[in-house]
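Listed next as structure tokens: two forms of one protein chain, kept apart as structure 1 and structure 2.
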Structure 1
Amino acid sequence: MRSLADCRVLDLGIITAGAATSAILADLGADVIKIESPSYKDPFRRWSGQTFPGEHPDMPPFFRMTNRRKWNAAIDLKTPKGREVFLHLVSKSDVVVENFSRGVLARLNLTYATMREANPHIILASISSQGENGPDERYVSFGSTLEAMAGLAALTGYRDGPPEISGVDYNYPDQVVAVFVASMIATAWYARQNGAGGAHLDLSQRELTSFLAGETFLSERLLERVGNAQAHAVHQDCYRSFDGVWLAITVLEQDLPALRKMTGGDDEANVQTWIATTESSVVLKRFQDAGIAAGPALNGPGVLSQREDGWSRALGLATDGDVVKGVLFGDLTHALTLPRPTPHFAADTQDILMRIGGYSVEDIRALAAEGAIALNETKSGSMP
């Protein structure tokens, strides 16, 4: 599926939100060029020291997951020449994705107005924690604080316990925003193809998180933290089976006759005791045969072991064999293609500037000598 095959994206995204957005666009066929600065690489390249033994220090799993299928150019936007090079690429591109702190693009003199001078039809997608304007726009935020301010953390946890956040290694608002922004960009791009012109797209991660949880804010009953329980379910919790496997169970009122037949009773103690004295495979089969929702609470290795059985698209292999994020959507009439490996820093700077920007080798050497760009002999591939 190559629905964005004629779309060129300049990716200024860092960490998850911006980079994951452009990765989805690449999956849809867009030609995505990740722009990193020689003085400020994507922090995911050094995220929590997660690189495995024997791997390149710039290529930890967190970075590989959100940057496969892209090209990489190193341009220092803080230098006049680097800014000039970037705006020249803007004139040859369709979309710019960014998730810097608010105010960064303005300080670089790379606002939407400036980009429109280079390309009147450019689409700028701005992803931020609090949105483009408002009293909180300059707040420093992580997924944890966004979950708190958006109301999600207050919904998560056990009765009389504290609010719960997903943590920096997951960060729900960062993960989910990418799907929405990629959809917005694709819509804006198709509209532009039909004469709508460029656009400046604004998406607040805080507002999106509140939007997704919003219906719960309308009822005091729904706002009460109750752990795994839920008002409409007679039983809903995680129970440990005889062989030590945690199982998630949801039993509704209409399921009680089948539950009593299975376990000999329908109270919480009876359910817990029966599961604790029964092998997990037996519990799952009995519940599923009875039409009652049940499933194992899999950890990471458990999820990975279900590949090609319980799932097939969530993760995949790049052409170099690295495990990376897969493609969640597919065209059943065409086989999914393996993504190109995640690019090393500056791997494609020269190729991009020559092929897209029209710069000569001499121009590129001069730009590198001035510090406006960086070159790297480690190649991720040649431009198509």
Structure 2
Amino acid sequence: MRSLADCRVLDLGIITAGAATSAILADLGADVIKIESPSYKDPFRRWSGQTFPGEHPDMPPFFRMTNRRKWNAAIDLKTPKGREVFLHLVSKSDVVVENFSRGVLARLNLTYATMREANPHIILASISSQGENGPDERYVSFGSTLEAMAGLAALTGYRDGPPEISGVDYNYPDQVVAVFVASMIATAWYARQNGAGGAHLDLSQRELTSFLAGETFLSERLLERVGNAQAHAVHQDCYRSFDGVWLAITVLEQDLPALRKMTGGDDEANVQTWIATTESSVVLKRFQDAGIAAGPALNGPGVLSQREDGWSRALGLATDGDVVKGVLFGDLTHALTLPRPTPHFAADTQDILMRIGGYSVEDIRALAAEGAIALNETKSGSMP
């Protein structure tokens, strides 16, 4: 896929939302340069979870999984020279992605207006918790904060229980935002090709979370927590089988004759009793044969066991064999190349400044000496 082949992205994205957005753009062919500051590295390097024996402490798995297929340049945006270098790169680029707390870019005097002065065609994607204005503009959040504030948590939960959130391991809004923002950037790129010029995209994660449950705002009846039920299904829940496996079942109106034949009745108690006294493999086979939707509620290893049989693209391998995030869709005629591994901090500063910025080796040494940029001996690999 080379749909963004001529598109250069300066990635100020951190943690998941911003960094994963740029990773998707890289999958579409964009040349993505992750820019980190020597005085403020992506916090995901330090608190994204476990680092395993033999791994660099700055390169934990979650960080490597998210930042593959990018270059890495270290520029200190707090210094006048560093800011100048960044704006020079903006003049040579097409897209900037950022998800800092609101106010950070303004304090650095790196607003859309200043970027547009450097490049009138720049597309700036500003990803934030609440958007660029409004009384909650400065609210900070993680994904599950937004599930609560956007209306999703109020409707999630057992019938007799409190609201629920997806939690730190899932953190749904922080994952899905990357798909949406990459889509909006690709749209802005399309519009630019049609003469629309640059764009400032103000993207509120809270609004996205509400939008993803948009119909709940249009319902004329009072909504409440209903566990696993959905309106279109007669029965829908997880039931534990005789061998202790939680099985997810969706029974539609049209399935009731087959359900009656199988379980001796069509109410929920029948379903629950029959599954509780039957091995999971038998339940799944019988439901499958009857054309009724059923599947095991798998944990991590269970999901991995279905790789290639049920799913194939969601995880990928980098060229060094590291397991990284995969792609969102397959191209039925184009093969996708393996991604370059995630580069170390500052791995490509010199190459980027020379290749894109046109700086000389002497310029670069001087910038490094005054702390505007940082250099690193470790290179990402050969340039394209």
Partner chain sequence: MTTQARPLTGLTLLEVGSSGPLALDLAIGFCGRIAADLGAHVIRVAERGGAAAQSTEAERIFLHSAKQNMSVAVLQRDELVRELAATADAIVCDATTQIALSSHGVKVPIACIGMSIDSPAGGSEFTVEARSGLLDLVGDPGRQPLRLAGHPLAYTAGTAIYLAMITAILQKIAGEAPGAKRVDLLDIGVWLNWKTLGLALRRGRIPTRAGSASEWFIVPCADGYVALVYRVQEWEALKQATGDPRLLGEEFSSVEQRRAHRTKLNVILSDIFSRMTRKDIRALSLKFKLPLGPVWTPAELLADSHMVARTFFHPVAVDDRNYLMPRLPVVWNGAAFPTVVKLRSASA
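What you see is a predicted model, and the numbers here were worked out from it, not measured in a lab. Each residue is numbered by where it sits in the sequence of structure 1, with counting from 1. Between two forms, the rigid core is the largest collection of C-alphas that superpose within 1.5 Å.
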Item to complete: Pick out the form predicted alone: structure 1 or structure 2.
Response: 1
Worksheet item: Once everything's superposed on the core, is D266 shifted 2 Å or more at the Cα between structure 1 and structure 2?
Response: yes
Item to complete: Inspect the rigid-core superposition and answer whether the C-alpha of W311 shifts by 2 angstroms or more between structure 1 and structure 2.
Response: no
Worksheet entry | Per-residue C-alpha change between structure 1 and structure 2, E132, threshold 2 Å, rigid core fit | no
Discussion item. Once the core is aligned, what is the C-alpha displacement of E253 between structure 1 and structure 2? Give it in Å to one decimal.
Written reply: 3.2
